[in-house]
Every structure is written in C-alpha cells, then in structure tokens.
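Next up: a single chain in structure tokens, the form predicted alone.
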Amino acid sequence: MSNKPRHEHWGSQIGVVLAVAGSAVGLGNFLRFPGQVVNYGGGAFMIPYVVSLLIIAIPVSMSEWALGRYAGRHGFHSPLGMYYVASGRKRSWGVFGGLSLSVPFIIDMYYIFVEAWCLYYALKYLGGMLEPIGLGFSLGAGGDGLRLGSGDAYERFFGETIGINANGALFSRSGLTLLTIVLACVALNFLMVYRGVSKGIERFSKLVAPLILLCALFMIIRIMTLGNPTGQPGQSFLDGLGFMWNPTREAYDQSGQVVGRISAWTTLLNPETWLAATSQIFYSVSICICAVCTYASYVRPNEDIALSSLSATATNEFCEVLLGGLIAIPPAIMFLGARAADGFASSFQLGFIVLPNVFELMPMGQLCGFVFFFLLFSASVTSSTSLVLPVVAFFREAFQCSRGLSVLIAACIHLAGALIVIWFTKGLSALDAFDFWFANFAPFFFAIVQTSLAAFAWGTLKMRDEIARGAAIKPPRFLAFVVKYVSLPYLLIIAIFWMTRNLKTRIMSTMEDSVAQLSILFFIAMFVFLFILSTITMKRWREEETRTPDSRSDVEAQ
C-alpha cells in the first residue's frame, strides 16, 4: 500500500542468521533446558526432545521463514498482515494473526524481569572480582561476590532479591537497585528495536554472538579441567555427562542411598515428558511466538531462507545442548552429586540458587560466576528484542505511524503489563501465571493455528515454492507432507493431552489465586485490544485495496 513504511532489510544473510539464532539463544537454553533435563529423567528426556526437534523444529521453522518472507514481499511485517495476505486476505485468519501477538508481548513483560536478575547477579560477582584490588562494590545485601556459604543462604538471598516474600518489595529502598536495572533493560531492548533491524538488532547480534560463544567456551573449559573437585565417587565430569545422556539413572531413598535404577521406559511412558520436550522446542528454536516470521519478513526476496533456517536451528541447538547443558548440569553433579540434582525444583533454582553455591566452591569461582551470568544476560537481550519487534511492527502497520511512535506505544503498554509482574512478586504468582499461559499453553495453540494456515489456507505448494525461492539446494518435496500430516497431528495430540490432563487443574488453581485472576483479566484486556485494533486495521486495508487494486502488482510479479 502506498502509505505503508518503506521496505527495510537485513544488511547480510549472516546477520539475519545470527539475529534469528540470537532470538532463540537465551534463558531457555542456559536455564530452562538444563532444568528440564534434570526434572524429566536426565538422558531419557533427550529422546522425545530429539523427536520433537525433527518433527516440529525443522519443518515448522522452515514454514515460518517462508510465511514471513512471503508477507514481507507484500509489505507486511507483523503476524496480522502475514496471516491476512497468506490466507487470501481473509479477516478471520487475520484476527488470529493479530491475537498471536499477545504471545511475544506478554512473554516479554516478565522475560525482561528475569533478564534483569541475570545482570544483577553478574554485577554482584563483578564487585567480588574487583574487591582484591580495592575497586569492589556491593549492590545491597549478599556481600561482594556472593560468598554466602550455604544453599539455604543462596535461596534466601534469591528470594529477598526478587521480592518473593512480599508484594511491592521492589519498590522499597532495598529493592530499588533491581528495579532500576529492570528499567535499564527495558530501555535497552526498545532502543535496539528503534534503531531498526540492520542498525540496531543486526549490529548487536553480530557483537554479542562471539561474546556469548567465548563466555560459554571459557565456562566449559573451566568445568572440564576440574576433574573430581570433591573427591567423592560419582561426582566427576564424566558422571555429570552420564547424568545428562544416560537414559537410565540411579534412584535414591530419603537418606541418599541408592535403591535401584529408573528405566528409560518409566520416563518415556509418561506423556508429560513428551509435553515438556515439545514445549522446550518452542523455547529452543523461538518458533510460533511471532519472532522468526517477523525477522524473516525483512529478508530480501531472493535470499536462501532454506539454508538460513537450518543454520539458525543448528546454531541454536549447538548452544542449547552442547553449551547450555554442559555449563549447568555437570558442575551441579560434580559439586553436589546426582542425589542433590533430584531436588532441583525449577530452572530458576538451578540457575540462581544451585550454581552460585557451586561457584563458591569452584576455583576462580568469582570469575566463573560473573562470566556465567553475563552470558545469560547477553543471550537474554537478543531473545527479548526479538519479542519486541513483532509488536512494534504491528503498531506501525496499525497506526500508520513512525517507528519512534510505535516503539513508544509498545513500551508504554509493555510497562503496564510488566508492572503487574514487578509488583506482585510474592511467591512469583504473577510471573508463574504469565509464564504458564503464554510460554506453555498459548504457543501450542498458535502453533496449531499457524501450521494449519500454512498447510491449508496458504497451501503447502505455495509454502514449498517460497522456501525454494533463491535456495541453493531445493528443499525436499516431502517437507510439505511432513508439515501437513506429521507436525500438525503431533501438535494436536500433545495439545489435547495437555488440556485433558492439566487444564482443569490449572484453572482451579487460578480461581484460588487472586493475583492469577488479575493476570487473567489483563490477558483478556490484551485480547480485546488486539482484536479491535486488528479488525479496524484490516478494514482499512480492504478499503485501500479497493481504491488501488493494482497497488501490489509489482510485488506479485516478483
């Protein structure tokens, strides 16, 4: 349309690959993945994980790249426009595209909060590193360098830092440091999006990607050279690898004695393991949350998206399995033992409570602690930025405004939602509500919608032709078959099982929690807002197309 913003593209193919890989490499790789491996049977978890990678990650990622670039060639950069143009300009599909923007928007409202925790911990360790030369500093309680002496002390420190004991704790004098860091992280994310995909996100990704790799390699080399630091049997680096990759593992009683072995079949026959593995894939590859398709909409018309898709997926899996897994799991086993690993309740516990305890026992622990949490922070920024861009693109198309104004609108709404998470920190009830509904449940729903769009409304032939456009190696013909007859049924089965087994329990627990109810009301308000704005925007598009029916003839002919 004539009044749409001029086209913007990535500066290079390697730039978009690094940006997409960076959007996926984040807290999900270095915190959530190790936590999932520990909580779902160690090596047994890797079996459904690999299956989900082949069935979901690779084909659905390619279809999302194709959908994004196809829409970008028609002048659209938000999921609203993507669904609208791919479906033949049907408003019903466009509404789903508009509503899907709730996923990145709401995830980012709490994701940046956790991102700030990482920077806070990194600065704490930095103060401890500089202490011997007289330049150390402290950010409140906990002392320089987080030398707390016990796992219970680290747990108390974590709870007090994030305000887990009382609502509004971050707005007290002791919580202002973390609150300031949260606001700084918000400003950093929206500043990069304001600078655009090539001058902001691409440049930052090219700068951060080598830094992430160097930090991760340093951590792995340091861990591998520790040998068996405690001298206890079963707590060497190889034992840590065995815990991660061996499908069977030892079972312990309450006293810590080995009482047998847990078979891989015990884990694999539990459908929740498959649910967790598939959910982790959404985190891993950053698909079905509007990030990849939005990035792909800025790809030049004849660039090789088949290669870019595979490269981004492979890069992310390397960072998750080989880097994230090796950094978090082996040291926990080496210093605390496999019995202690059974007690890890969540990825937050593993990342912010267990590993700081490990760093205290580790030679060069202050440096390792700083590097690890700075690595988490750097990786999380590339991910959170990818969650902001689809929303900014949507407001830019909906309001026909400049990038600056759309960034300002998105930032104001973002802060309104983030305020709920930042204020209601007691028991992390608001964060848990945001995380469950929009990081676990919603991606499954919109993954089914998006895959159905690609397979039926848009058509597998158009999808395959778009993937093949500019590709050095043509994608296999069976790719479309896999998306339509394997990926989609797989997602449906998982989603149906999830709803029949977990949805009722979750709804009942939500009804008993006033903060969760407030969060649900906010979600409903977001849906209503996106629905109304999407409907108005599509109506305007139809009117403009009626007045200028040949306005996109040049795009169609490309």
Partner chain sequence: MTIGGWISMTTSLAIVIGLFGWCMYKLVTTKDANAEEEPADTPKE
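Residue numbers count along the first chain shown, from 1. None of the values given here were measured: they were computed from a predicted structure. In this text, rigid core is short for the largest set of C-alphas that superpose within 1.5 Å between two forms.
We do not show the form predicted together with the partner chain, though everything after this point is about it.
- Contact check at 4.5 Å (heavy atoms) against the partner chain in the predicted complex: all three of 199, 241 and 246 pass.
- When contacts are judged by a 4.5 Å heavy atom cut-off, residue 473 counts as touching the partner chain in the predicted complex.
- Looking at residue 10, you'd find a heavy atom of it within 4.5 angstroms of the partner chain in the predicted complex.
- For residue 484, no non-hydrogen atom is located within 4.5 Å of the partner chain in the predicted complex, even though that partner is not displayed.
- The partner chain is not drawn, but in the predicted complex it has no heavy atom within 4.5 Å of residue 155.
- Though the partner chain is absent from this view, in the predicted complex it lies within 4.5 Å of a heavy atom of just one residue from 530, 491, 516, 46, which is 46.
- For the residues 322, 412, 419, 191, the 4.5 Å heavy atom test against the partner chain in the predicted complex is passed only by 322.
- Stretch-level contact analysis of 402 to 410, 278 to 286, 437 to 445, 77 to 85 against the partner chain in the predicted complex, using heavy atoms and a 4.5 Å limit, identifies 402 to 410.
- Along 309 to 328, a non-hydrogen atom within 4.5 Å of the partner chain in the predicted complex is carried by 310, 311, 314, 315, 317, 318, 321, 322, in order along the sequence.
- Taking 2 Å as the criterion, residue 45 counts as shifted between the shown form and the other one: its C-alpha moves by at least this amount when the rigid core is aligned.
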